[in-house]
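One chain follows as C-alpha cells, the form predicted alone.
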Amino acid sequence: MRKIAIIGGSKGIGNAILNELSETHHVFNISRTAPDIPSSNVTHHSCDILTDNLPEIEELDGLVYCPGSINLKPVSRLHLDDFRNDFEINVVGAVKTVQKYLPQLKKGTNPSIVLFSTVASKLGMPFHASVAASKSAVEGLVKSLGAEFAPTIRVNAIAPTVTDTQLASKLLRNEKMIENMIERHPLKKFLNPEEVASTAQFLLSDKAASFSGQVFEMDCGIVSFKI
C-alpha cells in the first residue's frame, strides 16, 4: 500500500483527494482540523502549515499540497500584507513541506509531488493580482523542482478553474452567479472537487510516470478556447 501525505485534506479539493485515495493508499492528512473520514487507512496530524512544525513521517511515496487562497480585490485595495499572506500560503508552505519530506520521498516507490495553481495564472482576470502572482510562483516552482528532482521524483501541478468548494462559495453564492459562471466556460460547467481529485490520483500513480514539470489546466475551456 503506497503512502501519501496530503496537506489540507479536511476540506474542499484536499478532502476529495483524501476520499479518493483512502480506499487503496495509506494517507497522512496534515491540517488544522480532522477530516470526517472513518477509514483505518487515514492518519490525521493536527498542524498549521505556516506556524507549526510538520509531523515526522517515516515513509512516503507521494505528497499533495492543497492549501490555497482566493483573495479577490482591486489592486488599489490590496495591501502588501495581502500579497505576503497569499505567497506564504501558496508558495512558502509548499516549499516548507517539500523540504521536510524530501528525504522520505527520495526513498519512496515511484514518488510524485502534486501542487496547485489556478487558471488565473494564464488568463488575465481582474481582481486576481495577488492570487495570480503567488500561483504563478507555484508554476515556476514545479518547473524548477521537476528538473532538480529528475529522474527520482516527479513534480506536477493542477490549475483548476472555479471549483464547487467552500473556498469558492463567494463566487457561487446564488443562482444568478452560478448561471453566469456556467455561461463563462465554453464547456458550460465548472468543476466539482471529485474531478480534480481524479486528476491528482492519476498524477500520483504509475500511469503518469512520463509526466513531470507539467501544469495541467482543468479549465472547462475558459483558457483554451475563445468561442
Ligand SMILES: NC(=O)c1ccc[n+]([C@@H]2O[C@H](COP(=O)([O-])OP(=O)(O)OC[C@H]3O[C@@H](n4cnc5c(N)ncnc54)[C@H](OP(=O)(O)O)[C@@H]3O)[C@@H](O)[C@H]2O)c1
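All residue numbers are counted from 1 along the displayed sequence. None of the values given here were measured: they were computed from a predicted structure.
The protein also exists as the form predicted in complex with this ligand; that form is not presented, and the subsequent description refers to it.
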(message) If we define contact as a non-hydrogen atom of the residue within 4.5 angstroms of the partner, is M177 a contact of this ligand in the predicted complex?
(response) no
(message) Quick check on S10: any heavy atom within 4.5 Å of this ligand in the predicted complex?
(response) yes
(request) With heavy atoms only and a cut-off of 4.5 Å, decide whether I89 touches this ligand in the predicted complex. (result) yes
(request) State yes or no: in the predicted complex, is some non-hydrogen atom of I57 no more than 4.5 angstroms from a non-hydrogen atom of this ligand? (result) no
(request) Name the stretch: of 95-103, 74-82, 110-118, 146-154, exactly one has residues whose heavy atoms fall within 4.5 Å of this ligand in the predicted complex. (result) 110-118
(request) Give a yes or no on whether each residue among S31, L50 and V162 has a heavy atom within 4.5 Å of this ligand in the predicted complex. (result) yes
